[in-house]
Structures are given as C-alpha cells and as structure tokens.
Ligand SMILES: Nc1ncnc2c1ncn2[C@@H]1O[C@H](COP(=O)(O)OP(=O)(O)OP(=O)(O)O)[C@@H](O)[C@H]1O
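The chain below stands alone, shown as structure tokens; this is the form predicted alone.
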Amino acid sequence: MSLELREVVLTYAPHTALECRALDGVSLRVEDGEFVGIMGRTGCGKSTLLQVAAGLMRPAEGTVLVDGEDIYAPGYRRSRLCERMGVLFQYPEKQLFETTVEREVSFALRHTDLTMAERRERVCRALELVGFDYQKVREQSPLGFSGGEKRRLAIAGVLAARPGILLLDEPIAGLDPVGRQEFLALTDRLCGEGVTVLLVSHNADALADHARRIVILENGVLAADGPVEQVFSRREELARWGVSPGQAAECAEQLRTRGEEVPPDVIRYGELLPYLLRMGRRRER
C-alpha cells in the first residue's frame, strides 16, 4: 500500500506569537512494502509528519494520498483509513487499559463486520507475530506483563487490524538489545509481506541495518531522502542536521583517519567486521 504527501504544510498556533511551521512544503512518496526511516533533531517535525499521514492532523496546505486516494477529500470514508493504517506512538505500553490480553488486542476490531471467530483468529495471529502463545495469555491482564512485553501487546493490537501501512514513532526507544532486534525482525517480516513501514528513530545503527531509505527533516523541511548508504555518507550535512550516522559509521570514520582503507559507504557492523579482522591479523604478525 502506497503513501504520498504532496507539498504538505502544517503550522502550530497560527497568527499568534507562538506560531511555528512544523511542516513546510514536505513531499514524500513511499511505495508498497518499503521500510523508510525518518530522522532529525528533536522538534524537527517527525511526529507531526506521522500524524498528518495518519489523518490525525489536517494540514493547512497540501495533499495526503493513500493508494492514490486523498484522505482529506470530501466524502472520503475515515473508517477505511483506520482499516488501512496502523499507528504506534512512543511508549504505547502506557496506553494499555483493558482487563484481558484478548480484549486489549481485539479492541480495534470491535466496530468491524468481522465475526467473533474471525476476530479471534486475527488476535491469535497478531499475538503469535509478536511472540506470544494465544492460549496462554488470552485471559491474563495486560497490565501484569513486563515493560517490553506490554509494548509487544500494544503492537499486536495494531497488527490485529492487518494494516497495509505502519506508522511507528520511536517504537524501539527504551527496549533492550534483544527486544529491539526482535521488533525490527518483525518489521522486516511485515515488509516482506507487503506492509509499508515508516519508522521514526534516533537509532541510526538500527535503521542502517533494516531501512531501505532514510528521510531527514530539518525545521519542518525535507532535508534529505535517499538510500541509507548515500544519506549516511553525507557526514558534514548530518552534523548540521543534528543526526548521527551511528556507531558503526563513526568507527569506520575513525579507522579512515588512522589510514585504514575503509570505503565511505561502510555504515553497518557487518560491513565493518572484515576491516577490523584485517587489522587484527596485521597486529599478530
């Protein structure tokens, strides 16, 4: 499912002393099954971009298209948008409220035409996707799980609706390395099944390993949009935008300053390892 923003403008507190243009003519197209990482310094417009794309905030100017349909056009059925798009805000585990896991995960399905059996099948599938056994957890309180487990339950609640587009705002913030890797592996799997993913994160190493494209916002303007390797190789501009290319890229740069022949597009730990091994072998001689 494709998503497109055309010349989107959104201003907070317009015509007041606090006026702030959060998005300034942003145009972006994401194709079916793409995994796009969104980066930028705090306050640059990342979360606002997701909210506009999700139909939660109407832009002052511009158009938002989902599969070619303008979601803000008169007559557009908003319930259809809810069926197509899943949104996960930062720290979703704090938003759990139902009495059982099954009720929590099925909440978004209550006003659909699905039968009870169809809802149960979707809940079971969503829980399995995030690593839970439906029969073991269905009657448990979602509030009794650990922080990481609660986040996985919140994600299951989004996945139960089977959205074609996932908008994720800092979903890996605060997760331990294992939880982070499990979540990113899940997004990879969903992309492989045709789900379109936009993920806001400050974790450049995670995005380098999993995203296909990187979009960088600066003061509400689209500053960069391209393949991960190309964007993360623009070191001087990244520093100006307040974005780190990640620890692997920083390590590669340190090796280059020491005279090692490491290509500028080395931005992942897996790509860096052969050069580190080569250095180790030289020192052993």
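All of these numbers come straight from a predicted model, not from anything done at the bench. Residue numbers run from 1 along the displayed sequence.
There is also a form predicted together with the ligand; it is not shown, and the following applies to it.
Worksheet item: Is A22 close to the ligand in the predicted bound form, meaning a heavy atom pair under 4.5 Å apart or at it?
Response: A22: yes, in contact with the ligand in the predicted bound form.
Discussion item. Since only the chain is shown here, I'm wondering whether A223 would be in contact with the ligand in the predicted bound form (any heavy atom pair within 4.5 Å).
Written reply: Taking the distances in the predicted bound form, the answer for A223 is no, it never comes within 4.5 Å of the ligand.
Discussion item. Taking any heavy atom pair closer than or equal to 4.5 Å as contact, tell me whether G43 reaches the ligand in the predicted bound form.
Written reply: Contact check for G43: yes, within 4.5 Å of the ligand in the predicted bound form.
Worksheet item: Closest heavy atom of D188 to the ligand in the predicted bound form, within 4.5 Å or not?
Response: No, no contact at 4.5 Å.
Fill in: Region of this chain that lies against the ligand in the predicted bound form, out of 225-233, 34-42, 240-248, 63-71 [heavy atom, 4.5 Å]
Of the stretches listed, the one contacting the partner is 34-42.
Discussion item. For a quick test of understanding: in the predicted bound form, does each of Y12, T48 and H202 have a heavy atom within 4.5 Å of the ligand?
Written reply: Every residue of the spot touches the ligand in the predicted bound form.
Worksheet item: Pick from Q95, S79, Q90, T99: which residue has any heavy atom within 4.5 angstroms of the ligand in the predicted bound form?
Response: By the 4.5 Å heavy-atom cutoff, the listed residue in contact is Q90.
Practice prompt. Note which of E149, E121, E170, D209 lies within 4.5 Å of the ligand in the predicted bound form, where distance is taken over heavy atoms; exactly one does.
Written response: Partner contact (heavy atom, 4.5 Å) among the options: E170.
Fill in: Residues within stretch 258-276 having a non-hydrogen atom within 4.5 Å of the ligand in the predicted bound form
Counting only heavy atoms within 4.5 Å of the ligand in the predicted bound form, no residue of 258-276 makes contact.
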